[in-house]
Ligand SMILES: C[S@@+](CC[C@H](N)C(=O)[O-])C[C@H]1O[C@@H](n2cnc3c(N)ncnc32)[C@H](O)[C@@H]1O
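One chain is shown next in structure tokens, namely the form predicted alone.
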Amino acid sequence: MAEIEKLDLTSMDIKEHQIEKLKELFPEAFTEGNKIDWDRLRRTLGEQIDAGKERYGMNWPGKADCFRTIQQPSIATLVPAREESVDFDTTQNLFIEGDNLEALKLLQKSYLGKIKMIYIDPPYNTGNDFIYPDNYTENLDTYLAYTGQVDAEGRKFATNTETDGRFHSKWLNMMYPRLFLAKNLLREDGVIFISIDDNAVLNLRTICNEVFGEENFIAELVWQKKTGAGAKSKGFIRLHEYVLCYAKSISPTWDIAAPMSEKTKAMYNKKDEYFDQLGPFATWPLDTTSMDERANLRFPIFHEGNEIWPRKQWLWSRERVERAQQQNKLVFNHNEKDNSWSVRFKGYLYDEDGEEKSGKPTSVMIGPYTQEGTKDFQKYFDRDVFPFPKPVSLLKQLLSIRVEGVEATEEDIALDFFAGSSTTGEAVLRLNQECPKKTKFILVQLPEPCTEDSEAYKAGYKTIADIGKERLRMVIKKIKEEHSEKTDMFKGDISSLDLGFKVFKLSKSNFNIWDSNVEKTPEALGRQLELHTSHISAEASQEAILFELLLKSGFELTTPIEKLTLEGKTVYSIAEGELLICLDKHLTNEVIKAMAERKPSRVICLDEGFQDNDQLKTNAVQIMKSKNVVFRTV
């Protein structure tokens, strides 16, 4: 009998993924059985490494465990929560409630290399805000216990106090795997922004250099978050925080740009014959003393019989200068006191296509201030239910920073896996009002309980995740009201906006997956065997099973799903027929043929749908094979 290959129900195997990337670069370093010959790899690189020598790097207790954590696939799933969502069937935005380490693992297959921008505001390691587990090998178990989905048995998430002997190590052990997995999700032109303060900026930058590569460091932005007053830090009033920025991979054509500030735009206040096409202009000096000396940039410019030389050299080549001079795009100024001339060039607000030109972001951001974040939040909540949210305008600034010199895409995805009160989500929704290019968001937030004496709990919010979801609902409602009232806040057609979000919650798999890490005792193995007498969880809904198969087959959670009826059976068509899924527990030869005739790339069925009919299984394999369809069962 032909055997049907089973669908892999775990998250992407990070170790195998890394090995495959290495094999693409250095196939000569691999031996039979896909094993790495380390000596051969060293020779390929032209290096001989003496293991006994000291090397520059960062180590801490638990770093080796970080890599084991990264390489341990997740056997969890993300369960849809329609009742907490807005426009579940049509929206492309996601809110994931759960531990972000497990969520990042589960997103690897579906979102590998697809995220344009990541922003995170992680715990600053100040001694009272660390709420992630220290037992990384049992992360899902810890999470399920923490959220009351299983018997807690003493497991819980906790703070990371300064009196703990592993204060810094715990924080590094929490951050390192998450940053590693986040990098995998970034596009080649993707960037990550990380908010941090003095407590952990040094350690964060060091591990980011290791994860992203020091060559992909872009900037350490200084954000002045307030104007003064407040607590003094060892004699100084602390006015700033940092935002670290790293790229996935900086290339020679790569450049950072951002929309011009209103202050910069105001400089463009002059008009000439190109005004209708290029808009107003401002002028800048054509000569420069800051560039490396280049002989071809030093030449005279002739104007009204005068020979004008630069102090050092011009910014432009002779050909470009002559062309600009012919087009009246140079401005000549005469100083009568010393009879000298200076040359400035015109810079226009718009390019040849009528698009507003970009500006250059600076490494120092004066505001927006922290109180603006509080005001943003208080538009929707009349109580102080979330402390110190980041200003929406700060996130809009970061989201607006873009990479030039690479092929543009129609839509970007922004990810925030420390979502808090969903400031990033609001920033995306607001930015989409103003920008023709639309961005989707993925937010991940742990359901951290609100303490019973907190304003949030008194207002009816049991967890931080509840606050984040409610804020998104309120923002969406507000945007719709602004549109109906035709206020100046809204620009464009509201039908083009995605004003919704799908909610998914981290939970154990809907399938009873064999756990290779289980204790090798008769009792533990017996429980595993008992679970496999019924492969599918009795509590699993068909929709939950469908989305788990979607996720673990490498499709995005927002992929279009169409419900079909073929030969009397329900079949789900994914991505316009690329994948067909049938969850019927009584398969027939007719429905197998009907699915194969549609020639999808893949078909997935429940193993129990064959009802131990070996002949039907054999026929199914042959039918799918004849149509070049990859066939899997679960």
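Since we're looking at a predicted model, the values are computed, not measured. Residues carry their position along the shown sequence, with the first being 1.
If you look for the form predicted in complex with the ligand, you will not find it shown, but the lines that follow are about it.
Using a 4.5 angstroms limit between non-hydrogen atoms, residue 390 touches the ligand in the model of the complex. The ligand is not shown here, and in the model of the complex it never comes within 4.5 Å of any heavy atom of residue 369.
Although the partner is absent here, residue 417 lies within 4.5 Å of the ligand in the model of the complex, judged by heavy atoms.
Proximity of residue 78 to the ligand in the model of the complex falls outside the 4.5 Å heavy atom cutoff. Proximity to the ligand in the model of the complex, taken as a non-hydrogen atom within 4.5 angstroms, holds for one residue of 93, 423, 507, 397, which is 423.
With the partner omitted here, the residue from 248, 178, 469, 225 that has a non-hydrogen atom within 4.5 angstroms of the ligand in the model of the complex is 178. Residues of just one listed stretch (299-307, 180-188, 83-91, 439-447) have heavy atoms within 4.5 Å of the ligand in the model of the complex: 439-447. Residues of 455-478 placing a heavy atom within 4.5 Å of the ligand in the model of the complex: 464 alone.
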